[in-house]
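Shown next are two forms of a single protein chain, provided one at a time as structure tokens under the names structure 1 and structure 2.
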Structure 1
């Protein structure tokens, strides 16, 4: 085996299939997207080279920057919600009664498709028959909001099912990380008189900080490219109030048949996501390794 692994040609032969697969599935589509962004093209007919015109128009496009702002707001809400998921995970990991049942309940949204979740929450937000407005009417609210038709609140309304959809995913990650902490550390802290909050803040959190940083990156990057549930629930409306970068790109490419401009938006979305990812990785970089 050592003789084989020391042969550069053998190493190249072994990794060649993986490199080809990555090139075909990732790099070629990226290059084609950037290339189509240089064209005036409806997706079917002949392409006309127009240089950087689509990219310049995108940078000057107010709707694009509005959709980018909405995506960043979703990223902020998703990141803040991680604190709630972490708190729930710590409670579940503390051997409370019914923890196994609650952990399975939190995983249910992960089993549902985004379309099913969107249809479920459309019914919840229904202004006349939805359970949310019925509860508000029960508590004396005379004019409950029209959640998905009000431009001022629709964006925050659709954030709720998105955060609900991924709660189980992050809780599962945190729960697994917490269960890997040696119980002897927790018991020693208890003997020293540490309170549950002190144990959580000074022992558990530092020990799983590496996992927390990874989930921050996942939450932000996932939010920037989020699409399906928003598109099903509102289609980016009303009047673009819930438009995000991915839905704006889809609308341009497949609804208005401006495939060249949509490709330019898609490539800019990739660039923005990469820049944000690098910044987050820099901010959360830490060479210190936790030793149990």
Structure 2
């Protein structure tokens, strides 16, 4: 038995296709990104080694920091919106008829591509014909905003489709966690005279804290990598007001052909994402596993 199951050739045959693909497509490019960041390069011509110049420029680049700020704002919005999702899941999980059906309805936007979502919401935000402003006009708002063309509000406007896109995802996760809480705990609290609010806050929330922490990490890290929707909806505009780190990097590399500088930004994006991941994991580290 052991001889068969530890045959080196067989192990290699089974592990190598996956390992090679991940190595070539994910890990080698990562190293190359850091390396290209040291080059002056337009993507096609000869590379010229310029040391840390790209990285130094990036650190002094106001546009880069603006885009980083926008990414962090999105991360904050996303984290705050978890509270709404959590509240909805609490209601959904409290023995409501049709909960399964509603949960599936909530999930539908999550299935659509960011491009389709972006195009749909461009129409929703359309100042003259979009449903959003039609509804606002109906309720007597006289001058509804020009959502995507106003640099002061574009980032908040973009957050609405993000809230819409991920609602079902987080509600689904919280709902599953809440359903795992043994009923006896809730019943016991009820007998002791706890109100529904108290039960939600004092019993259910602490019990699913582990899952909540995971979703905080997911929301923050996901926001730092956010790209498709913004790229299609506004292209980072107007005037850079909705540029995020990934879209800025993409623009540098594939629109202005500054591959060296783009790589430096790409590498910084990676570093920032990893640092933030480690920090939140530390902050939200489980002190003790929940025992039912």
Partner chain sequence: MNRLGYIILYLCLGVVAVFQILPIIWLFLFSLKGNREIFAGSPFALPKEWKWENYLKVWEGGIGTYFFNSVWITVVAIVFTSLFASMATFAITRMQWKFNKFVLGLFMVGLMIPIHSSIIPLFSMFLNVGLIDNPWSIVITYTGYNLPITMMILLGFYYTLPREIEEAAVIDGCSIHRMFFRIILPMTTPVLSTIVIINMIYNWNEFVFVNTFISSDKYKTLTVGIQNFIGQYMTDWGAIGATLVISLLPILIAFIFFSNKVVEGISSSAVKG
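Not measured: the values here are computed from a predicted model. Positions refer to the first chain, counted from 1. Under this definition, the rigid core comprises the largest set of C-alpha atoms superposing within 1.5 Å between the forms.
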Next on the checklist: Which number belongs to the form predicted alone, 1 or 2?
Outcome noted: 1
Checklist entry - Superposing on the rigid core, does the Cα of residue 16 end up 2 Å or more away between structure 1 and structure 2? => result yes
